[in-house]
Ligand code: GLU
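Before any questions on binding or motion, here is one chain by itself as structure tokens, the form predicted alone.
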Amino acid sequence: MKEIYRELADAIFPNIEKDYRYYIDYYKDKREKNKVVTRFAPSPTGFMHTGGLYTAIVNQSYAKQNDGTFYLRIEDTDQARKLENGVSEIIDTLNDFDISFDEGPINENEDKGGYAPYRQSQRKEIYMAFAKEFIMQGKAYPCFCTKEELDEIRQKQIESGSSIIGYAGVWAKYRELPVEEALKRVKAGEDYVIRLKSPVTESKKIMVEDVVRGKIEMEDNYIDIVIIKGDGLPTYHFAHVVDDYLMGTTIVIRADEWLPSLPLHLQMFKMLDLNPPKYAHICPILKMDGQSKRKLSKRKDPEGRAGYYIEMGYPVVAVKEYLINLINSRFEIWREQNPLLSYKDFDIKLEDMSKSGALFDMKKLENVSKRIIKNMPDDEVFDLVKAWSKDHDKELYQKIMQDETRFLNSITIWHKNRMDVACFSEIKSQFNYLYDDDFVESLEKCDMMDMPYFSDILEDYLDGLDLGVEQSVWFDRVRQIAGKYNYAIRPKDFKNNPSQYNGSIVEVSTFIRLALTGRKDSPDIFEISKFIGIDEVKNRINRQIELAEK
């Protein structure tokens, strides 16, 4: 009987001369034994999802904290969905977020590492060698079902109320086809796929182990799944088993959408008599949608696309710190206790990951980003803004290059002890009074113009204004003007006796602030005044007086 199986295997794979054991021997012992090995295995079918970035961070961090290896594998067996330069898109996105890998593709055509090729489309002969072994052992078979036949089988299952939905058991039309008949049909050139001959023929429960979720009772696989498609390429399930074994993956950390496939994958490892890796299925990133939660969507949500954060100018370290906080909520406490350490020093615990999903909150990300930007030195902020604007805001980049020293000085103004900026794309709009040469034209009437002596206070402020003095001298003059018009010099005096004053020095300072910035809140107005210069200060204040008197 074995000879007929071998003859069938040779007819299906006539050009596959290397036995599957050849590849096992070829790839073994290329790394240190007992080394932790993780991988990130995306498909080159479009922009990277934030969830993909999240998964890559978990894999990289877990490998590094265990002194292990992290590699990139491209799962491109779905040729119909593969995008041109899709591999470069993946690599560039990982590079943008400072996620380096020890092995894998370095561009569209080259790999680094001893387990190459790292693109599944280039490993076709390897998969065929393993599939050939399955055929020779009678653990897989050619299926000649047409699409119409498969549709008919499914319809009959539904109409009969079958407990089995899928190509399995009595519904597996070609499962028990005599090997001799299968051989004739293959030699006759009929179209076929290769299906796994599941050793389980009906529903039964098994216990599986997951690093994140612990022991789980699941239904074992009884479907005769396709392992080699009509084009000769493997399905994800089969390629995953072959690659993760040959490439020495010790733990598969992946999205929980693959959790239902775990019994199937473990089944195939067992059928090949290979030791499986550990598995950790991480929950998706969720978002509130009204009163309910849903998965963060690359299509519906701008923040669902990893590249969004680069385009908007969020510092990479801020995005990674926020995502690590989603990975392990105890990171927030660790960060408070270790404000000076790098996020890379935090140990990710897979068993501490959420089992129900992490809720993404843009406000929290913005707060993390504001804190990180606030704590950066001015020159580091300058370098980041300059690099970001070169690719994403040509107008801002040109302004920076016209006078780099002046732009650095402007950063010192809005950066000092403030948490105004979450991303660099906000700079021009938040601080247009520093960067807009025609800012005066945007000034508008405001409610404070109705307060007593608004115009008089601004006129007195302009009279003899000197920005060359010390700030304390400048502010003493503001106090004098406030007192002249019965505005309390000490805010608490006005608070205790509001009926005795027209207001406090806070309002007087705000009159000046409104004229210079068009806002009631801004960085230090003395520093702003010195930056824009005395002529522009006079221009803006006169414009505000003009508006008040209309």
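Sequential numbering from 1, following the sequence displayed. Remember, it's a predicted structure, so these values are computed and weren't measured experimentally.
What comes next is about the form predicted in complex with the named molecule, which does not appear here.
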Here the chain appears without its partner; judged in the predicted complex, the stretch of 495-503, 36-44, 514-522, 63-71 with heavy atoms within 4.5 Å of the named molecule is 36-44
Among Glu75, Asp102, Glu89, Glu133, just one has a heavy atom within 4.5 Å of the named molecule in the predicted complex, namely Glu75
None of Tyr174, Phe97, Trp258, Phe431 but one has a heavy atom within 4.5 Å of the named molecule in the predicted complex; the exception is Trp258
* **Touches the named molecule in the predicted complex: Lys287 (any heavy atom, 4.5 Å)** => no
| message | Under a 4.5 Å heavy atom criterion, is Tyr236 part of the interface with the named molecule in the predicted complex? | response | yes
### Task
Flag Arg254 as yes or no: does it have a non-hydrogen atom within 4.5 angstroms of any non-hydrogen atom of the named molecule in the predicted complex?
yes
